[in-house]
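Heads up, the chain below is alone and in the form predicted on its own; it's given as structure tokens.
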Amino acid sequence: MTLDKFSGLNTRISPKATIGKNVLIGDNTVIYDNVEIGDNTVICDNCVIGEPLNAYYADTRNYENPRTQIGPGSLIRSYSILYAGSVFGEGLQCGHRVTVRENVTCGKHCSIGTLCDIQGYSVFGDYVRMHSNVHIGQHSTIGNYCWIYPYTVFTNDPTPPSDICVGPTVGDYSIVATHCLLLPGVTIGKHCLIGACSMVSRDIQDYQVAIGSPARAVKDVREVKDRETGEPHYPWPERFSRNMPWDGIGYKKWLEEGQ
């Protein structure tokens, strides 16, 4: 197999892995079977990509590692562990010491901050921004263009301990501020703002600001004013474009062009 890449010291790459062009792999990193890494990706030191599932330890001889896909143009920083069976779109950005368990589907240009813990079997849309120290329980769903701020926890067991596992759902463009707790099975609508330190125990409808413990909807998010201009700050895509696909053309024009 010919690899167009640079790999560091003590790096182990399975012969069953597929490595794209211009891929950089740091020291002490392990790439397991059936991993596919897209072009122009950087994987830093001490990472594990395609970590085997529990079944490997029960029957190492007959185990076959599920496919793991890393999209092109990704950056995975040091000490991150991505389990087998997950698919990440182009432009993935990982902080340090990120853990992503098996069977996660992640859209394009997602960001997973340092020390995030994603417990698998979850779905994330495009341009999701998870800041540092976010914990996502299994069977959670996050839509497109969502922001999840530090120390937020998504739970999934309504009657612990039990065999029930149902994670929260967050709609497109919604923001969950720092230190929030989302209880199992709750649904947050589109374009919502969940205030810091809130506990979400009931569904929140579209375009709502919800705060408190338990969180309650207090106003339409479009009533929130910019502190400097006094103009409506939300929906936020109309006011913020950095690193978003509408950067340079504006959100409304981007929508009109059918992007």
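Numbering starts at 1 and follows the sequence shown. Fair warning: this is a prediction, and the values are worked out from it, not measured in the lab.
Unshown form predicted in complex with another copy of the chain; subsequent notes refer to it.
Trainee: From the list Asp203, Asp39, Asp220, Asp27, which entry has a heavy atom within 4.5 Å of another copy of the chain in the predicted bound form?
Mentor: The option sitting close enough to the partner is Asp27.
Trainee: Are Asn65, Asn133 and Tyr149 jointly within 4.5 Å of another copy of the chain in the predicted bound form, each by at least one heavy atom?
Mentor: Looking in the predicted bound form, the three residues Asn65, Asn133 and Tyr149 all sit within 4.5 Å of another copy of the chain (heavy atoms).
Trainee: Mark His179 yes when one of its heavy atoms lies within 4.5 Å of a heavy atom of another copy of the chain in the predicted bound form, and no otherwise.
Mentor: Although another copy of the chain is absent here, His179 would touch it in the predicted bound form, with heavy atoms inside 4.5 Å.
Trainee: Answer with yes or no whether Ile13 is in contact with another copy of the chain in the predicted bound form, where contact means some heavy atom within 4.5 Å.
Mentor: Yes, Ile13 is a contact residue.
Trainee: Report whether the minimum heavy atom distance between Arg77 and another copy of the chain in the predicted bound form is within 4.5 Å.
Mentor: Arg77 belongs to the contact set for another copy of the chain.
Trainee: Taking the shortest heavy atom distance, is Thr99 within 4.5 Å of another copy of the chain in the predicted bound form?
Mentor: Yes, contact at 4.5 Å.
Trainee: Relative to another copy of the chain in the predicted bound form, which residues of 37-70 have a heavy atom no more than 4.5 Å away?
Mentor: Read in sequence order, the residues that approach another copy of the chain (within 4.5 Å, in the predicted bound form) are Val42, Cys44, Asp45, Asn46, Val48, Glu51, Pro52, Asn54, Tyr56, Tyr57, Thr60, Arg61, Tyr63, Asn65.
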